[in-house]
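First, one chain by itself: the form predicted on its own, in structure tokens.
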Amino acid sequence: MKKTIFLGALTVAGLTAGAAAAATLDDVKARGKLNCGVTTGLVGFAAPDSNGEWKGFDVAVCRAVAAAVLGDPTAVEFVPTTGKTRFTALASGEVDMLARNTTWTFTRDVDLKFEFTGINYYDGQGFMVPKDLGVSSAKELDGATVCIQTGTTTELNLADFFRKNNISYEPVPIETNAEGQQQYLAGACDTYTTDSSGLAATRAAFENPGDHVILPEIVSKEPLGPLVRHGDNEWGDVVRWTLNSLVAAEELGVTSANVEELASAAGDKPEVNRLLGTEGNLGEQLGLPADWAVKAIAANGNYGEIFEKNIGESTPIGLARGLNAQWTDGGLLYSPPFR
């Protein structure tokens, strides 16, 4: 008798959890718009252009999710957040997801009750200095003033690095990348530290980028990726598999140019067929239309296209693929299979 009651309680609990987990997906569909938390402005990753239209590597993730869920990559409300405000915005429900150069850490996952849905950029913390400072290594920064964003993983990494190398520093706290750029260029700090990709994006916005050097040391692991709230499992699946669809599309040769043609009829590649919805029912399992991934890929292209357009070597940011190359090319980029 007790065993029956226990199993019944589990069933009720499971149904309750399932109803809660579906809340964000249902809310986004009912609202007809995705609220996506982004940075206050980092060129190449997330920043409004001269017409006020948000563009960038992280912006593309938001647009892909909106396309997958709503069929419209423009149905996004971009909410700028700082290092301090981003987590409150997500936890409070002000945004449905964050796509904001955010590092996946134990504390953020477990203690802050967030769920990271993958890694869209493998990064590491670095240092930028004026060329005329004459410094070629971060280990030569003893006594330096350092501009650093508060509420970020870079604060602890910075303290650890200087302590390990038995050198001292004086922090200059900043709230946003724009403030950090201003303070650094004004000479308020000797060096600016953040993720190396952020340093490259910041330097690209300078009037004279060549006057500044990114030092060779990478002092941390910074796996960056989108995140949602804990307990939002269905929504987490949608964001996770939308990101995976962009990564898998590159590996499988699906691009913004050929995705519509490939989706018009099942071909001879079973995983492509499942990804694009010409066979199987993966979309149904997510609570989305069969062509959800087609819409996501068509919005901005596959992962490689998004990378090259926004932050790749042909852009002012000038980032090589490096660790962010596909696993088949010696990188860490790897999507679980669509089956």
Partner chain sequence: MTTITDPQKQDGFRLSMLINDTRYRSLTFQGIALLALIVAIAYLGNNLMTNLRTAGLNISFEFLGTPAGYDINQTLIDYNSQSTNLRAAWVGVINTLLVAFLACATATIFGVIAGVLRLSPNWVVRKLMALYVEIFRNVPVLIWIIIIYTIVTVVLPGPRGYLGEDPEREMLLGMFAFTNRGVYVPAPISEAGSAVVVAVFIASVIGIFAYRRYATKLLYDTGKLLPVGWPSLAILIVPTVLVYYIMGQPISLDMPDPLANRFNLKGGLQIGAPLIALWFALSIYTGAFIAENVRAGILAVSKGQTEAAAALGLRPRRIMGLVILPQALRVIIPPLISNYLNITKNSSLAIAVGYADITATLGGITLNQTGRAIECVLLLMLFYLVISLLISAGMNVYNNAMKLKER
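In this text the structure is predicted, and so the values were computed from the model without any measurement. Positions refer to the first chain, counted from 1.
Form predicted in complex with the partner chain: not shown, discussed below.
K.L.:
Pick the stretch from 243-251, 147-155, 115-123, 256-264 whose residues have a heavy atom within 4.5 Å of the partner chain in the predicted complex.
P.N.:
Checking each option against the 4.5 Å cut-off leaves 147-155.
K.L.:
Exactly one residue in G198, G236, P226, G83 has a non-hydrogen atom within 4.5 Å of the partner chain in the predicted complex; which is it?
P.N.:
For this set of options, the contacting one is G83.
K.L.:
Which residue, L133, I214, I218, A75, has a heavy atom that falls within 4.5 Å of the partner chain in the predicted complex?
P.N.:
Selected residue: L133.
K.L.:
Run the contact test on E271, G280 and A320 with a 4.5 Å heavy atom cut-off to the partner chain in the predicted complex and return yes or no.
P.N.:
Checking in the predicted complex: none of E271, G280 and A320 is within 4.5 Å of the partner chain.
K.L.:
Can you check whether N165 is within 4.5 Å of the partner chain in the predicted complex, heavy atom basis?
P.N.:
Output for N165 is no: heavy atoms all beyond 4.5 Å of the partner chain.
K.L.:
Looking in the predicted complex, any heavy atom of V172 within 4.5 Å of the partner chain?
P.N.:
Yes - in the predicted complex, heavy atoms of V172 and the partner chain come within 4.5 Å of each other.
K.L.:
Please determine whether M128 contacts the partner chain in the predicted complex, using a 4.5 Å cut-off between heavy atoms.
P.N.:
No, no contact at 4.5 Å.
K.L.:
State yes or no: in the predicted complex, is some non-hydrogen atom of G187 no more than 4.5 angstroms from a non-hydrogen atom of the partner chain?
P.N.:
Close contact exists here: in the predicted complex, G187 approaches the partner chain to within 4.5 Å, heavy atoms only.
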